[in-house]
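The chain below stands alone and is given as structure tokens, in the form predicted on its own.
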């Protein structure tokens, strides 16, 4: 969290700044910069440049400023503020307060507007010209054929595959558990063991879950989310949910219908 749904909300908000000229840039410290980017490099690359386009690939927000691309990753607790307006008021695993000490990155524009990243736990980062080729197809746009091909060829668990940003980008832990719960597939199931019908169900669930939760406004708004606790039960059949660690992540799933 945030996952692709939240970053898409950020993208739409940041798009309001297209056409503006950057006058200032600040970063809370060099530890928030990645890929060998320094504060001096960042300042030299973007100050005086015009924001020409705002894009997203997976969980990565991409700001095209002049000839430079600034990549912003939001980690677990990152939120975006545009012209003083918080784009998402509540985000799981973080405070909804706006505090100066949580500002990690900001752009100031000639017209007085701002684009600010709040990140209390500082797990996000900023990078000049990030390697977009390292990311797989965006989960919001990937074709069913491409999805099905991934499942057929992979010997990873379903959870590991769906969370592998090099294979398919944008799905995080909450979306992943919701997708697998809806599709009836267990997170530890080996991907290539699925039959054609099961592959179709998981592929369809990727698309429908992202679409449904986008309409609701967040990756945390699925049916499974309120039951992700020790006494949680499956919203479909009432069975006690299992908690296990799969692909290094806490997973909640139903032992009755997720096979």
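Residue numbers count along the first chain shown, from 1. Small disclaimer: the values here were computed from a predicted structure and weren't measured.
The form predicted together with the DNA is left out here; the points below concern that form.
Peer 1: Ok, 75, 108, 130, 137: which has a heavy atom sitting within 4.5 Å of the DNA in the predicted bound form?
Peer 2: Of 75, 108, 130, 137, the residue with a heavy atom within 4.5 Å of the DNA in the predicted bound form is 75.
Peer 1: Does any part of residue 19 reach within 4.5 Å of the DNA in the predicted bound form? Heavy atoms only, please.
Peer 2: The answer is no: residue 19 has no heavy atom within 4.5 Å of the DNA.
Peer 1: Would you check, heavy atoms only and a 4.5 Å threshold, whether residue 165 touches the DNA in the predicted bound form?
Peer 2: Because a heavy atom of residue 165 falls inside 4.5 Å of the DNA in the predicted bound form, the answer is yes.
Peer 1: Does residue 157 reach the DNA in the predicted bound form, with heavy atoms at most 4.5 Å apart?
Peer 2: Yes - in the predicted bound form, heavy atoms of residue 157 and the DNA come within 4.5 Å of each other.
Peer 1: Any chance residue 240 has a heavy atom within 4.5 Å of the DNA in the predicted bound form?
Peer 2: No, residue 240 stays farther than 4.5 Å from the DNA in the predicted bound form.
Peer 1: Among 95, 101 and 172, does every residue place a heavy atom within 4.5 Å of the DNA in the predicted bound form?
Peer 2: Contact check passed for all of 95, 101 and 172.
Peer 1: Can you check 47-55, 201-209, 63-71, 29-37 and let me know which stretch has heavy atoms within 4.5 Å of the DNA in the predicted bound form?
Peer 2: It is the stretch 29-37.
Peer 1: Heavy atom within 4.5 Å of the DNA in the predicted bound form: which residues of 230-259 qualify?
Peer 2: Result: 243, 247, 248, 249, 250.
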